[in-house]
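Below you will find one chain, with nothing else, as structure tokens; this is the form predicted on its own, and questions on how it binds or moves follow later.
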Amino acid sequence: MAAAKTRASSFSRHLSTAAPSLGPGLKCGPNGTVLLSSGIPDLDKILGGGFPLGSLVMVMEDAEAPHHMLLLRNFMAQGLVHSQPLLYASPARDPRGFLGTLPSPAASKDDKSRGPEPDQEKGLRIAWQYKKYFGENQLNFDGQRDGKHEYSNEFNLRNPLERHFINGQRVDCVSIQDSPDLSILQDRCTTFLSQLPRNDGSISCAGRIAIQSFCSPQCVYSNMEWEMLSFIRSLKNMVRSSNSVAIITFPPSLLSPSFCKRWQHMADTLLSVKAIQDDDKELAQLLTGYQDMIGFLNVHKVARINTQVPLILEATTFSIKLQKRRYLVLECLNQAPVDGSSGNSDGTSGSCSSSSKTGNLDF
């Protein structure tokens, strides 16, 4: 009897066993993507690790408070710490002066003062014991603490970034205040992205593009809605074929409703920030830790590259807090006890209604 022949399908999936060689500030993500940190560790966890390379991030500003600047500063500072090329466009007359307001990474003594958690130390001991069973890429997935820089740093908003991170770097600043059209910004973006071609095998460096208040009234082209939409579409196509991430902040109140929807549709990752009033007594009764909040962050869309499976988040609205008035922290909203009595911050209670009478629960 002849031996049975094994049938080999021509539609077999090509999987590379070796992990790609990545530069500083990059790590492997799901479905063959490479992630880049947003500069906020909590935001990286919410988004599944960070911003995928080749994605366009858009942030809707709040007209009452510049909370979007917190996200922009950490995003730019994280790139400079990792020696990544940066292109910054601003409606200010001197955009390079904004680099002096970037925060500095948290010092090691601040990290030691917080003290490691016992569970974390136990996890590190287990990882060391089973190190021979895992690859180095899996052990250092969340960040290389033994390396020169971590994947995602905590930044001290009170300390400015040291000058040596800014000087000598490939930093390009563009003022879009007096530009009659978007041709100058288009050319600068094209030149910048041409230096970062897509190479999935080995990625030694990744770039960052930060455009602040794109449709600001200070810009001459602020009324050219179709031209701005065409620029965003062109930028998205160029970023998709390069090793970079672009982030654009814009005030949605200055756009018509139809164009605002178009802009949101162009984004791979869509975020929005909202300020809260200090004397909002009704909101203070509903949320715990209201006195420490400075605003809210809403996640409207998360980038999904190389997959069609949507990402379902546990929460889409997070509170923006300044821990010790130095570190930017994002937390899930916790509802305060309904009766105003003392309770835990998780909002858990013994009953599902405000009434203290026992009886059937009415859902």
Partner chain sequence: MNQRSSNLLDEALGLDQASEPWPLKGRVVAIEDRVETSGSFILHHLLKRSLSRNSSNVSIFIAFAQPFSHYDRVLRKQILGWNLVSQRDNGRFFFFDMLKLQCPVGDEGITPGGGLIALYGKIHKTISALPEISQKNVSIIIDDLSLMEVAANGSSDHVLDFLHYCRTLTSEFDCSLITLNHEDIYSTEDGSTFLLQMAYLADILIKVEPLATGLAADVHGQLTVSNKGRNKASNFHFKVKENMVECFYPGRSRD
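Residue numbers count along the first chain shown, from 1. Keep in mind that what you see is a predicted model, and the values were worked out from it rather than measured.
Beyond the structure shown, there is the form predicted together with the partner chain, which is absent from this document and is the topic of what follows.
Undergrad: Residue 66 versus the partner chain, in the model of the complex: is there a non-hydrogen atom within 4.5 Å?
TA: No, residue 66 stays farther than 4.5 Å from the partner chain in the model of the complex.
Undergrad: Classify residue 28 as contacting or not contacting the partner chain in the model of the complex by the rule of any non-hydrogen atom within 4.5 angstroms, answering yes or no.
TA: Because no heavy atom of residue 28 falls inside 4.5 Å of the partner chain in the model of the complex, the answer is no.
Undergrad: At the 4.5 Å heavy atom threshold, is residue 301 in contact with the partner chain in the model of the complex?
TA: Yes, residue 301 lies within 4.5 Å of the partner chain in the model of the complex.
Undergrad: Residue-level contact is defined here as any heavy atom of the residue lying within 4.5 Å of the partner chain in the model of the complex; does residue 322 satisfy this criterion?
TA: Taking the distances in the model of the complex, the answer for residue 322 is no, it never comes within 4.5 Å of the partner chain.
Undergrad: Among 257 to 265, 70 to 78, 183 to 191, 83 to 91, mark the stretch whose residues have heavy atoms within 4.5 Å of the partner chain in the model of the complex.
TA: In short, 257 to 265.
Undergrad: Scan 230, 218, 101, 204 and let me know which has any heavy atom within 4.5 Å of the partner chain in the model of the complex.
TA: Checking each option against the partner chain in the model of the complex, the one that comes within 4.5 Å is 230.
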